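The chain below stands alone and is given in structure tokens; this is the form predicted alone.
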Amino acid sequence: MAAFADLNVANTNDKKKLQSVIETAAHLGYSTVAINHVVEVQPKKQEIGKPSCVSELFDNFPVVQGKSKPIKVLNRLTLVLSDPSHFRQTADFKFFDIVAIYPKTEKLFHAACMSFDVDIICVAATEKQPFHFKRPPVFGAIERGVFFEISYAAAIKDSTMRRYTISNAINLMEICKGKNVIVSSGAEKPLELRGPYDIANLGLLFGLSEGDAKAAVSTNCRAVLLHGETRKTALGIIHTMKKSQPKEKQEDKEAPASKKAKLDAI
């Protein structure tokens, strides 16, 4: 059975409200949730700080419906930017399990896809996407293991936002074909949460296939967490390339012993 995750639960200073959302998520069958700390980055000022320890939320974390283990709660950072030069990777990033970026411009979207060390790129839900998605940056993000996120809570609140969410999602699907997509809630209260199977069905409205819609709340979320772990531990892949030898030496090396003897005699 797949482990479901909601990687976007809105952070709030109201502890009881946050507890209620997490308890509801566990009751709906989510094994993992991430508390989303949103920071609007200013040109010359970027104070993020350390998030509250999730262990302080509960003495005993709620048990996931249908499973015998408690829900796993993580911390996520989402940076809202309008210019690539405002992005600064700081030491504070290590305090978060997931780092996401909400790009406001096409230039920033391109930079986030091609070079920024983040785990998630957010797609607009409360407004029409301010730029068109293009193949090179989207494919670049997929190749780097970065995921695109569609949040559905805004679509529940308002019919206009619902049109924006669905339209923006379909525009993305036309390019990425359902690859590297996750669907999260962005929920601020329990009533804005939906069960994972309901979200898989909602994914069909976003242009996802049945398999991709289910992956968007399960296996793809797991891949995001693994990407975050790799980013935090600064692990990478070493690419080795065999150095080409000079032509004469290569021929000499590949020549049979009898031919070598004749060449030496000459």
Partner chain sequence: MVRFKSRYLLCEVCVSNHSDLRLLDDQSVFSAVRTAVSRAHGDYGAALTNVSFSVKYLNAHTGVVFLRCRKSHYRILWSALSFINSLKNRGQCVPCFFNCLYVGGTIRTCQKFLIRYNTRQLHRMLPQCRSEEERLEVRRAVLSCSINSFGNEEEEDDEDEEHKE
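Being a predicted model, the structure only gives us computed values, none of them experimental. Residue numbers count along the first chain shown, from 1.
Just so it is clear, the following notes concern the form predicted together with the partner chain, a form of the same protein that is not shown.
> Can you check whether I35 is within 4.5 Å of the partner chain in the predicted complex, heavy atom basis?
Replying inline: Looking in the predicted complex, residue contacts with the partner chain do not include I35, since no heavy atom lies within 4.5 Å.
> Taking the shortest heavy atom distance, is D198 within 4.5 Å of the partner chain in the predicted complex?
Replying inline: Close contact exists here: in the predicted complex, D198 approaches the partner chain to within 4.5 Å, heavy atoms only.
> If you check in the predicted complex, is L193 within 4.5 Å of the partner chain, heavy atoms only?
Replying inline: Yes - in the predicted complex, heavy atoms of L193 and the partner chain come within 4.5 Å of each other.
> Taking the shortest heavy atom distance, is E40 within 4.5 Å of the partner chain in the predicted complex?
Replying inline: No, E40 stays farther than 4.5 Å from the partner chain in the predicted complex.
> Which one, T219, S52, T230, Q65, lies within 4.5 Å of the partner chain in the predicted complex by heavy atoms?
Replying inline: Of the listed residues, the single hit is Q65.
> Which listed residue (V73, I101, A155, A141) meets the criterion of a heavy atom within 4.5 Å of the partner chain in the predicted complex?
Replying inline: None of the other options qualify; the answer is A155.
> Quick check: do D117, I121 and N171 each get a heavy atom within 4.5 Å of the partner chain in the predicted complex?
Replying inline: Spot residues vs the partner chain: no contact at all.
> Can you say which of 178-186, 93-101, 155-163, 127-135 gets within 4.5 Å of the partner chain in the predicted complex, counting heavy atoms only?
Replying inline: In short, 155-163.
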